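Quick setup: one chain, the form predicted on its own, written in structure tokens, and binding and motion questions come after.
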């Protein structure tokens, strides 16, 4: 429809327009005014991205049979608006650092840009492997941290030895013999659930202090690297943070993250980029196994149909998922789109 067509182009045409004109264009979002009585969302869409992060192979895997419903806080009942954010190339610049496409698009030195991306990637897998059991969990990837919680018997893990419990995440390797337990069996699932519980504890403990997971030298290196990436990307993350923090300050709105990165490295990435305070672990979903459309279904079943959902991203996958669920989509292709998003939020159009 013509309405859809104009909405699709909103975020790209809005980028270089003065604030007064933003108000006029953003009137197209007027039916999104934050009023619970007019909450059902509206259709809108947009474009372009391949998978976030192919540095480790994607995991298809079997869906585990049972899972707890996603946790929701007591204030969920007061919610009016849920903002569904993509991560790479939307909130942070990461994948395009590695491929060199960011350097090419913005005329940066490719050697420096790619080098920064590789250093950050190394840190992400260092945290994921060392602290978040990624060696064990890479092939037992979950969509959400609570997905295997129903297999957890609540055992005290303070003196539990993860390194000697015989768990193996990769199926079919007979090297540990039968002591490991059958993959998918009760004993194996319990050990898997223990690891995801510990991941949650570590994330919660370090969400505002990822430096606590690093040596003093690595902590300093991370601070330098983040500052360097922020300069190379012309304050991309800082610009996105303005919108994230504004949404976070509203008691009736919530930020939710849906990424195509596997869950454990995604958590490491969120911590290392300093986003742990923005996204509680229960508001982070990985679409690696099931795709963004199915993730959106899970989120709608969690928060309900009375709230309005707004999707923010740069890729075709979230565009299609937004369209399928009749959700407005705000496209991020450049800094201007992030600036315009913040203006629309400040003006209360979103």
Partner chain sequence: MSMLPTFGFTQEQVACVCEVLQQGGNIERLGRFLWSLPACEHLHKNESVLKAKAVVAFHRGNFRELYKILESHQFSPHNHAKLQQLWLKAHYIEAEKLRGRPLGAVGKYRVRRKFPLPRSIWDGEETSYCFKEKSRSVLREWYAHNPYPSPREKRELAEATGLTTTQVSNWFKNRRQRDRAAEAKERENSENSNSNSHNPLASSLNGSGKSVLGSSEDEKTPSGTPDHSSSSPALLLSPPRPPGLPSLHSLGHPPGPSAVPVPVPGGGGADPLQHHHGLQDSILNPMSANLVDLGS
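Fair warning: this is a prediction, and the values are worked out from it, not measured in the lab. Numbering follows the first chain given and starts at 1.
We do not show the form predicted in complex with the partner chain, though everything after this point is about it.
For the marked spot (308, 326 and 347), a heavy atom within 4.5 Å of the partner chain in the predicted complex is present in each of the three residues. Put simply, residue 81 is close to the partner chain in the predicted complex: some heavy atom of it is within 4.5 Å. In the predicted complex, the partner chain lies within 4.5 angstroms of at least one heavy atom of each of the following residues of 329-346: 329, 330, 331, 337, 340, 343, 344, in sequence order.
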